[in-house]
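Here you get one chain, nothing else, as structure tokens; it is the form predicted on its own.
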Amino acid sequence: MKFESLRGFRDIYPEDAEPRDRMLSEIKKVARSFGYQIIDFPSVEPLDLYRIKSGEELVSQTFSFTDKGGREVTLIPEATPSVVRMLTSKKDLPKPVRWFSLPKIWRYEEPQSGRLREHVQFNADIFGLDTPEADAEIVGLACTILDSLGLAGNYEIRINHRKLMDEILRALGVVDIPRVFGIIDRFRKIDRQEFMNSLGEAGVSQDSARIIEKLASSRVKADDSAGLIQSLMEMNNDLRESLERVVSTIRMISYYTSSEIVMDFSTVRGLSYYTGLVFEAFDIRGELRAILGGGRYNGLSSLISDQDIPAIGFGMGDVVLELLLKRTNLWHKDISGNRYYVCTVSDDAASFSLKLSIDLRKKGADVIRDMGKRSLSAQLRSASVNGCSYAIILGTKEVSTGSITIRNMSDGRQEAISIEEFLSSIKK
């Protein structure tokens, strides 16, 4: 009987696992440089945690089941509820709190390019601050991560503000605002006629629908957004205040990255709990799904506790990020640094090669020791396949003289050197 991985799940072999591990290590390094602390949480949570936070639509996409205790539980479909649960369970945490995590996420959705049923997701959140500076920092963290991975100029940040859009929709006479947000969220996934029909079915007048369509199709610089809105409708004080905040935030974000930042009125992040800034990053060619997305969600903590803690954060899955890094030729095994392959060509060199391998590892070197009693040519082929910089050859002569023969795998040159001199040249 032949077994394969389930549809929507991945087997990750070394040629992908190594660059993936390096990518995740870089992401963690950047997060820590901003002062964020790593947390972790269970992969299984009560299903009601997601009913409260995200509603039945998300619940229908979960890998959920009834456990042996009769409880409805699920493999976590996103990180935010678990993070907020942890936050609110410790009331003495000094604010602001900066946390990040790298959990596995599961959703029972139709697998597509850039979307699987299981993936790793980086999440970062700031709790306890509701300022433009905090908004800018969380987006700046996202940009700094992408730039540190070599992707500067290969993505754009699309920004909007839920309160701003809420004010616009109210001014246009929209009654069912959550439903219209869901329609706007699908703007770039459906044709114009379906979009207009959906707005009409939601009770939006034709004149208001045309204004919403005009806004949703607009991508402008932050400083041009006021003029665009003014040209379409009357600007009230509440609307102007929300717009000034998002424009100020975008200006601060521009200090973090040279990549393009645009005001995109179709970016609303369909989930109902967002209360302020919302943002997404896309590749500049527009060929992939969103690289990341997030926003401000000030009311979520009060849904699962008696605390009301302002919050903003984002999530970034590894699947789209991997596709983008591969497309830009930034996904490859690490060939920097020295990796040694210890070749043993005589029985009396076995213990010598073992001790040398251990001594090298103590100095921080990566060492592969051949243990197959194979020919030297076969061992050298393995050294090449495993990306080793040097092959260390040990035989009877080397044992008797207390030396090694070291071969440079890139040019084939080799030399004999005493074991003491060699080890002293290796910096820990």
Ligand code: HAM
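For every residue, the number given is its place in the sequence shown, counted from 1. Every value quoted in this text rests on a predicted model; they were computed, and no experiment measured them.
Same protein, other form: the form predicted together with the ligand, not shown, and the subject of what follows.
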| item | value |
| --- | --- |
| Heavy atom within 4.5 Å of the ligand in the predicted bound form - the one residue of E194, D224, E133, E109 that qualifies | E109 |
| Contact residue in the predicted bound form, chosen from V345, L169, I309, L116 - any heavy atom within 4.5 Å of the ligand | L116 |
| Contact stretch among 241-249, 68-76, 123-131, 156-164 - heavy atom within 4.5 Å of the ligand in the predicted bound form | 123-131 |
| is_contact(Y273, the ligand) in the predicted bound form, heavy atom dist at most 4.5 Å | yes |
| Contact of R85 with the ligand in the predicted bound form (heavy atom, 4.5 Å) | no |
| Exercise: S357 in contact with the ligand in the predicted bound form, heavy atom 4.5 Å | no |
| Partner proximity in the predicted bound form: G140 to the ligand, non-hydrogen atom cutoff 4.5 Å | no |
| Stretch 141-160: residues contacting the ligand in the predicted bound form, 4.5 Å heavy atom cut-off | none |
